[in-house]
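Quick heads-up: it's one chain on its own, the form predicted alone, in C-alpha cells.
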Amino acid sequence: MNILTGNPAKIDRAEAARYAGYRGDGYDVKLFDECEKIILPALSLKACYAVFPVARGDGLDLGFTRTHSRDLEKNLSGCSRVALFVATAGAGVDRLIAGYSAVSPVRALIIGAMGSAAIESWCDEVNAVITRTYGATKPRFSCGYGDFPLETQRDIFRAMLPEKTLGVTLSEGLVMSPVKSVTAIVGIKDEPD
C-alpha cells in the first residue's frame, strides 16, 4: 500500500466556479478569494493506492473483486494490472460546509465547490504519480460510471482499509465520509501507445 499527501497552494477557480454553477467568469472574485483563504488551511489531501492483477474469463477478476461491467472491461482493454486508489480532501472541508451552511449558504456552496475542485485536482495528481511509477495508464474509472456498480465500493473498502489509512468511511448507503472523497481504478497499460 502506498500513501500520498498533498498541500495545494491554490484552487482551480474555473473548476470551482463551474461546480458552483457559475458560467464563464461571472462570479464574485472577492467572495471566491475569501472562500479560498478559508478552505486552503482546512484541506488535508491524502490518498492510498495499491496495484492488483487483472484476469479475464467470466467477467473481470481485479484481485480485490469480480465484476461483469462491460464499460470497465472496455476501459481496461490492454491492461493486465490496475492501480486502485482512494483519495480524500479531508474532514475539514465537511466541517466548513456544515458551519457555513447555517450562517452563509453562499459561502458553504462555494467552499463545497472548491472542495470538489480540490479533490478532482488531487485525483489527477495521484493518477500522475501512478503513471510515472508504472508507465502509461488509462483514464481513471470509478464505481457508478456506466454499468460499473456502486456496490463495488464495499469491496474497495475491504481491500484498501481507508478507514485506518485515510480516515475515510463508507455508509450503508454507500456514501463516503468525508464527502470530498473518491475511489478509482486506473488501468496500467501493458504496452505504451
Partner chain sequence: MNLIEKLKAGAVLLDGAMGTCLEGGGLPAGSPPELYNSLKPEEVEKIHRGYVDAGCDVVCANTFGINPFRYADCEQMIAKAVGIALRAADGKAAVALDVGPTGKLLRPIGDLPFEDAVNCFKRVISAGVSAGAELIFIETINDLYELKAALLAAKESCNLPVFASCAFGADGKLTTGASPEAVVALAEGLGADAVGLNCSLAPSQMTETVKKLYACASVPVIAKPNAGLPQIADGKTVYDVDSQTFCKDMLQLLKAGARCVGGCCGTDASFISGLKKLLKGFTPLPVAQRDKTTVCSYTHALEIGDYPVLIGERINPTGKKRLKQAIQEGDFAYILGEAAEQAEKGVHALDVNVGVAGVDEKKILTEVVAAVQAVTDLPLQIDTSDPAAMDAAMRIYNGKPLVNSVNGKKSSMRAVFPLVKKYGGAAIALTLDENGVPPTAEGRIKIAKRILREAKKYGLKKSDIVFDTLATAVAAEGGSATAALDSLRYIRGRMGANVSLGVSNISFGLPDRDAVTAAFLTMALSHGLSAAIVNPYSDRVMGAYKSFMALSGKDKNCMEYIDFASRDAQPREAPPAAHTGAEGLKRSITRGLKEDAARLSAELCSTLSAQEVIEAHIVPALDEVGAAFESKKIFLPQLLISAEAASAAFDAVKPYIKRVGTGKKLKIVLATVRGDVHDIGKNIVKTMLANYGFAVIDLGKDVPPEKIVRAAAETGAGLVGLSALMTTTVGAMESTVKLIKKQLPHCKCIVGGAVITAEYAAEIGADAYGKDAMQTVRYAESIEKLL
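If you're wondering where the values come from, they're calculated on a predicted model, not measured in any experiment. Positions refer to the first chain, counted from 1.
Below: the form predicted in complex with the partner chain, not depicted.
Sort through Cys123, Leu109, Cys79, Leu84 and report the residue having a heavy atom within 4.5 Å of the partner chain in the predicted complex. Residue within 4.5 Å of the partner: Leu109.
Considering Gly135, Gly167, Gly146, Gly59, which brings a non-hydrogen atom within 4.5 Å of the partner chain in the predicted complex? It is Gly167 that has a heavy atom within 4.5 Å of the partner.
At 4.5 Å between heavy atoms, is Lys74 in contact with the partner chain in the predicted complex? Taking the distances in the predicted complex, the answer for Lys74 is no, it never comes within 4.5 Å of the partner chain.
Examine Arg158 and determine whether its closest non-hydrogen atom to the partner chain in the predicted complex is within 4.5 angstroms. Yes.
Would you please decide whether Val182 lies within 4.5 angstroms of the partner chain in the predicted complex, comparing each non-hydrogen atom pair? Contact with the partner chain, no.
Give a yes or no for Lys46: in the predicted complex, does one of its heavy atoms lie within 4.5 Å of a heavy atom belonging to the partner chain? Taking the distances in the predicted complex, the answer for Lys46 is yes, it comes within 4.5 Å of the partner chain.
Residues in 78 to 98 close to the partner chain in the predicted complex, defined by a heavy atom within 4.5 Å, in order: Those in contact are Ala91, Asp94, Arg95, Ile97, Ala98.
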